[in-house]
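In structure tokens, the next block holds one chain alone, the form predicted alone.
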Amino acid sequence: MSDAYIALADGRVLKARARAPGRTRGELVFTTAYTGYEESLTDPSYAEQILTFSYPLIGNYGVRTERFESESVRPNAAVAREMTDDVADWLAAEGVPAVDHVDTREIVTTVREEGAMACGIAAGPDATAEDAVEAMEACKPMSDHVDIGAQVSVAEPTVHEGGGDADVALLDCGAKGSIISSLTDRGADVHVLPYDATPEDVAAVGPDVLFVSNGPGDPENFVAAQAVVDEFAGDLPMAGICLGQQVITSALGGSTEKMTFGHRGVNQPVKDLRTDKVVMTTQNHGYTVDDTGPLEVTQVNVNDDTVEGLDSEDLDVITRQYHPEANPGPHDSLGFFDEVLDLATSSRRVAAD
């Protein structure tokens, strides 16, 4: 197998083994998840990033399409200590560079100490260290990807029927498939709208609940979604997951900030301030809520006190920073989707013009 090179923003170039050829760049991040590589690699929230797996062996139970969270691989590249042929062949078929035989502990430690950083990868028979450095130097900061939503959202509205017990208008900022199925499994019809949908598009659905999905990048760049939230605030119940929590908070007068290296993995402890109960959660985000505006903090991360849950009885809003629907991962918080649909029982339906 041929050589590969990983260029880091701190000036180092790591040599690795090429498993899927190509040249690319992206923000270097890591996940501590020890299972779920199929779900992670198809999670739209990893767009424009290079995903490093801290678990040493990736691919030990094959590749099954029924586990995918979207239709394609989303990170720009994948890095592992050891990668099986199944995963390497899948990534090669998708045109996504992949490398292994590198000290991923060193990469994880670097990101934890220095933060998520620009990275370039060159892999394949003709790859050179200079190619990787050139790619890294062309890497844009995540906040500069102002149209990242277009990479991960549906182009046209789609409907996923679940029985008609409620109508959910879901702004697709990079929604995972399991969020949609978690709602349809509970009897809701989910109307998936593009990330740049207008208030008129939402009104045409006549929803009982507005749901803002997870997604990649800086929440401040999702200005259309914020405009929708602002338009219906107080008139339509709202819920959000991950980026959705950040978008809703910003639209209601709060603010967000970039984290040093983010939360990505399946073992993040979250404490509910109302019950004092701690649950383990799956997370994937590099931004967090700083100022919560009119929303009440109901859950916090045990490790760093970042905001994990927000509620407002007056505005009929509930949000979570983590992924209650996580597959794989703990299912301790799946009840969130029941809470979302409970909002629909008192909803003032937004009528179509």
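One rule holds for the numbers: they count along the sequence shown, beginning at 1. If you're wondering where the values come from, they're calculated on a predicted model, not measured in any experiment.
The same protein also has a form predicted together with a small molecule, omitted here; what follows describes it.
- Interface membership of S45, defined by any non-hydrogen atom within 4.5 Å of the small molecule in the predicted complex, is confirmed.
- Looking at N214, you'd find a heavy atom of it within 4.5 angstroms of the small molecule in the predicted complex.
- In the predicted complex, the small molecule sits beyond 4.5 Å of every heavy atom of G309.
- At the 4.5 Å threshold, heavy atoms of L243 reach the small molecule in the predicted complex.
- Shown without its partner, this chain lists G59, G286, P324, G36 as candidates; in the predicted complex, only G286 has a non-hydrogen atom within 4.5 angstroms of the small molecule.
- Listed stretches are 215-223, 82-90, 229-237, 267-275; the contact stretch with the small molecule in the predicted complex is 215-223, by a heavy atom cutoff of 4.5 Å.
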